[in-house]
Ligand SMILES: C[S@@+](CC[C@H](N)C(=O)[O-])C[C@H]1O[C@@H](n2cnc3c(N)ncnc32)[C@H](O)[C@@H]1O
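One chain comes next, on its own, written out as structure tokens in the form predicted alone.
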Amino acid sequence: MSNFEIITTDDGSPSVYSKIYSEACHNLSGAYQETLYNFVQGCEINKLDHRPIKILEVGFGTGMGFICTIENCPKPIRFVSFEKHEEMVELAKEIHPLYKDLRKVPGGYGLQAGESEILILIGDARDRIKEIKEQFDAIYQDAFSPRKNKELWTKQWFKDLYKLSHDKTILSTYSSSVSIRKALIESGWLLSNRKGHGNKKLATIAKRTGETDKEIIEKLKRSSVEALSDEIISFPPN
């Protein structure tokens, strides 16, 4: 029996509902539009002028991140994505014609799409990230929600992402929770508010340079909620 079910979101684009995490990969208001807003626009991909643009995605899901990026950016993209469940890749092949040409490579799947390429690393992202040696211009932090997928939202995880960034890297995520923002700050990131997509009030932009918005600092100071960390969560079995 499959742990995943293909669904259609309100803008007509497909998503997948995970029975493992009891939630969909995207906001039901529209998978494509959410991806475009949160990540392609949130990371300011079209302002980057070098080639190729290097993007790291946390959560391949249905593969919408890569598709939305190459459809909205004319420059070559090197796209690396984590995906724990290989079944998701098989569903992506069913949903998007582009992924029918995915080929098996050591540790995952690869695809050349024109001048752009994607590498999907299969397995636990907390392990696979240690294999990566390059730095990225943008990070799409798009894991399942912190309530369901805590291990990809801790300060230890964000420290690993920080190591793969440079001074102009932008990390964008749909989450604005206090525990996540504290985890980002404690791992070295500097934060700013961004209007959320759909019915979400706020999203979060993180950078290595600049300063954290005063509004964010004041809100975090008023909260007794701790930064999400490895020490206070239970890791699921592989």
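Every value quoted in this text rests on a predicted model; they were computed, and no experiment measured them. Numbering starts at 1 and runs along the sequence shown.
Keep in mind that the form predicted in complex with the named molecule is missing from the display, and what follows is about it.
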In the predicted complex, segment of 69 to 77, 158 to 166, 129 to 137, 82 to 90 with a heavy atom within 4.5 Å of the named molecule: 82 to 90
Non-hydrogen atom within 4.5 Å of the named molecule in the predicted complex for each of 12, 28 and 37: no
The named molecule contact at residue 123 in the predicted complex, heavy atom, 4.5 Å: yes
Residue 17 within 4.5 Å of the named molecule in the predicted complex, heavy atoms: no
Heavy atom of residue 42 within 4.5 Å of the named molecule in the predicted complex: no
Touches the named molecule in the predicted complex: residue 143 (any heavy atom, 4.5 Å): yes
Candidate from 55, 184, 64, 171 lying within 4.5 Å of the named molecule in the predicted complex - any heavy atom: 64
